[in-house]
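So this first bit is one chain, no partners, the form predicted alone, shown in structure tokens.
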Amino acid sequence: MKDSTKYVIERILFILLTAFIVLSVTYILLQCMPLEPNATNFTEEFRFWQQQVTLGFYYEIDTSTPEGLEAIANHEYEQMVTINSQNYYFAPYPILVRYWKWLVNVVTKWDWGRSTSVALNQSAISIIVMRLPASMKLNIISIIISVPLGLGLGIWAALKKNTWIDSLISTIIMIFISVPSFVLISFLLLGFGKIPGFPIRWPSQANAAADPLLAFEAYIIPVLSLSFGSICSFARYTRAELCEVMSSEFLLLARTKGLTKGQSVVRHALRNSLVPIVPMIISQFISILSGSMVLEQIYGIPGIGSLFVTALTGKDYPVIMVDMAIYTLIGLFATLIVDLSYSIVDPRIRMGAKK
């Protein structure tokens, strides 16, 4: 027990250190490029640069001093905003100073900065909080559908090994596992688009609230496009593991002791074959989450996947940082959960044990 607890604590500390390094390098690289606020008027732009001054990333050049006038003459400023015929000049602090200010703001205030294009002047963390539920709900529904169908097809194919049923399932698996989700969603859009009244774009929140059936139908295309690949992956691995276990000596021994084929499979084969499959469920959830980026963009789903693509296109660095933090932490903690799941499926496996 002590070894397992120590192992988990060490892994969590290592995860936090890794995330810190990844996000630090990402922030410094992004700060090498200039900020480009997508403002519709000078007032919005002026307010944005004032917020950057408040956050400690930029400073306003004082035009009333000789040093300020000299800095303006030497073009040492990065941005100039004109309000009521008066010019305001803003210059960035050095990158490492901005990095330190950003780190302090995140740790002490949980302030990741302000959006520059997705929602100008709005807190980046609040934008993510609004978008995260849509992505998580979509991916959770997909994995809930994928797991039983995938395991069921894999078990069926293993029990019917070398029959036409096994060949048919294997052929379907090879076809769908080779098709990316964003290609599959294009075919689904063409097919379902012929159904009158069926939504081929994600409905607005107001329309979904007014029509529950529309809200339900909106999930069909994205869930199917995300689930097919996962179902095929689960089915392929389940069949391979179950076939290997069913041909093992200990299972043959169980059959010679009087157990029927069904009893030996349920009591022994399935349990042993699930050891590598259960961790795969967690890994598959992460791959679905990352794979939904393009899908959300195509179908218009307001999730963190499409937000990441939009932020990259609009060079919205604060939003990119928060999105990057979520994907990094989910991916790193998933590896820990995968390792711990081995000991849950098979108690003989002890995490952190020296032997």
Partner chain sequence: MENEKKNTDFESAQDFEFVQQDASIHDQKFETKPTTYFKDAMKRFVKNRSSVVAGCILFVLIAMAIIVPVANKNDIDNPVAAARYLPPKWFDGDTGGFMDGTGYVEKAILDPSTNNLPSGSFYKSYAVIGDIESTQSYSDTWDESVRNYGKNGAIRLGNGSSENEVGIFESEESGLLSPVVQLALADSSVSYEVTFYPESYADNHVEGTEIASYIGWVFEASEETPDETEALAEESTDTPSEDTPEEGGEEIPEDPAEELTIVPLMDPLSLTDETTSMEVENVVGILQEGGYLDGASEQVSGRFAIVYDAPVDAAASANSLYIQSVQARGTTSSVGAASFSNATQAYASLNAGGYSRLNEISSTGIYHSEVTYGAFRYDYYEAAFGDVAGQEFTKNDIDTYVSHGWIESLSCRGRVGGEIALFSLSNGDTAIDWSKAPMTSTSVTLVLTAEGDTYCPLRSIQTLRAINLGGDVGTSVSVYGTQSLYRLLYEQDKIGSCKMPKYFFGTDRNGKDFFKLVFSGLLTSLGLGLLSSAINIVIGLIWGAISGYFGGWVDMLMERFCEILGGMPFIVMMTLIVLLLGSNFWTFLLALCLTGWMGVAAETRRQFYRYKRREYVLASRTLGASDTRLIFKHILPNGIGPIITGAILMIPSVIFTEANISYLLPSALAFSGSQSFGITLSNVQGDLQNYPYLIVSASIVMALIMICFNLFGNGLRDAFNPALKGADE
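Residue numbers count along the first chain shown, from 1. As the structure is a computational prediction, the values presented were derived from the model and not from experiment.
The form predicted in complex with the partner chain exists for this protein as well; it is not shown, and the discussion that follows is about that form.
This chain appears without its partner; in the model of the complex, the one residue of 278, 189, 149, 140 with a heavy atom within 4.5 Å of the partner chain is 189. Of the candidate stretches 149 to 157, 87 to 95, 233 to 241, 132 to 140, only 233 to 241 contains residues with a heavy atom within 4.5 Å of the partner chain in the model of the complex. Not one of 127, 215 and 337 is positioned with any heavy atom within 4.5 Å of the partner chain in the model of the complex. Although the partner is absent from this view, residue 327 contacts the partner chain in the model of the complex, with a non-hydrogen atom inside 4.5 angstroms. Interface membership of residue 205, defined by any non-hydrogen atom within 4.5 Å of the partner chain in the model of the complex, is ruled out. The partner chain is not drawn, but in the model of the complex it has a heavy atom within 4.5 Å of residue 22. Contact annotation for residue 209: none of its heavy atoms lies within 4.5 Å of the partner chain in the model of the complex. Taking the partner chain as positioned in the model of the complex, the residues of 34 to 50 that bring a heavy atom within 4.5 Å of it are, in sequence order, 40, 41, 43, 44.
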